[in-house]
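The chain below stands alone and is given as structure tokens, in the form predicted alone.
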Amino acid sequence: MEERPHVLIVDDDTDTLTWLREILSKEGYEVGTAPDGKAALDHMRNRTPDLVMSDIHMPGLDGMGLLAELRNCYRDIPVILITAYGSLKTTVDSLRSGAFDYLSKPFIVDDIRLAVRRALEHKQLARRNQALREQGRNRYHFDHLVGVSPGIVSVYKSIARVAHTDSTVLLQGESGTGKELIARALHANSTRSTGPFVAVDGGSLAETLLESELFGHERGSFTGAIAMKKGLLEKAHLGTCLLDEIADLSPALQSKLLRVIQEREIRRVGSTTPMTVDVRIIAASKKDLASLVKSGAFREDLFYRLNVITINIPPLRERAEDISLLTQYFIQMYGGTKSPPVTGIVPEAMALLTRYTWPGNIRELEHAVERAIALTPHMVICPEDLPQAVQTAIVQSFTVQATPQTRHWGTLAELEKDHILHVLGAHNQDLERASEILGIHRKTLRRKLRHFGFPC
């Protein structure tokens, strides 16, 4: 039988302790209580909780002091701080000190349930991700791959299965999905890991330059060739070569690459002498190579040579559960570049990141977080620190259709109604899930629906 999550509530108000324990016990949690921070730490010596909810203002060791102790000794336990004296400063101070969330009294029951559920889910995801990352460090070198969604876990498994082989691999995925990181993970876990890893971007150079870069050239083979130069395929000997954006290679280069794969030979530009190379080819493309073959834009025989093993990398819009983990990863990466450092993100900003569709995928998310860290005046990222496209994505997605002829652009009330009904319809009229996505209380959602004329 699976063990119930253990929640520790810390508050000097016995009525609050009793009320919160009753609410959370009904939700199926095992609940412990403590009247102050010192008693909470004593409790944790006997039983480590999965979540701590603590009042800020208490005699002795208060909530902020308890939070500091927990961040030193129990870093993986999420903490929700609660207070009757809410303010922007208190919120920012709490979150930048490492609290997962912050609630103000008087409580709304749905807020408590939602905050607890989010905190426990975040901890579970973080544990799963850490386990995968530890497994990666030990076996697959996944240090920079972050995520626990089914799509990315499937990619992890594919890497684990094929990395030790010498088979050619084709990586298919949109721009910014992390194709080079996955290629590096394949190399790092292969028998070639001590050899070189060389990346070539097929779309970044003109054909004449790309041929020289790939195959090298002899001295005097063309104007400017003042010395012999080794090509990247030759430099990758006994290692791995990533051919990125392979769909952009010209027909002539496609033909020469086919010979490399088939014969394991190259010829430098200006030379008639073939050279043997022992290199594993990993090809990557944001374009669908199978469709390009049908249209005649890509050689069919080369496609079949490359398509021995294909790994399809999911776009970020299909990995919504990974956005929070990726965001925290980038905050850890860039947050220390400022003084004082940026250490977290407020829930409202995280909600915006989760709702955005990320056409630029992980690369766009990374840039958005790096930009927000550079711009924020706080030690946490707030909604106004995010790019305008992220802040306004919902409005843009659900604007009322209008033409210059009709001049009916829709009022704000109409836009709000359309968006709320759209979210409800997309989630089978689940009020709790819809209110979570909309970022409002369920009570507020019910009130709006009644205002629109819907009984609820």
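Just so it is clear, the model here is predicted, and its values are computed rather than measured. Each residue number is its position in the shown sequence, starting from 1.
The protein also exists as the form predicted together with a small molecule; that form is not presented, and the subsequent description refers to it.
J.: Counting only non-hydrogen atoms, choose the one of 109-117, 267-275, 338-346, 240-248 that falls within 4.5 Å of the small molecule in the model of the complex.
T.: That would be 240-248.
J.: Although the small molecule is absent from this view, report whether Y329 comes within 4.5 Å of it in the model of the complex, heavy atoms only.
T.: Y329: yes, in contact with the small molecule in the model of the complex.
J.: How about K286 - does it come within 4.5 Å of the small molecule in the model of the complex, if we only consider non-hydrogen atoms?
T.: K286 belongs to the contact set for the small molecule.
J.: Quick one: does L302 come within 4.5 Å of the small molecule in the model of the complex, counting heavy atoms only?
T.: L302 lies outside the contact set for the small molecule.
J.: Even though the small molecule is not shown here, does G176 get within 4.5 Å of it in the model of the complex, heavy atoms only?
T.: Yes, G176 lies within 4.5 Å of the small molecule in the model of the complex.
J.: Select from the listed residues D101, E213, E366, E234 the one whose heavy atoms reach within 4.5 Å of the small molecule in the model of the complex.
T.: In short, E366.
J.: Pick from L181, I309, A297, I261: which has a non-hydrogen atom within 4.5 Å of the small molecule in the model of the complex?
T.: Flagged contact: L181.
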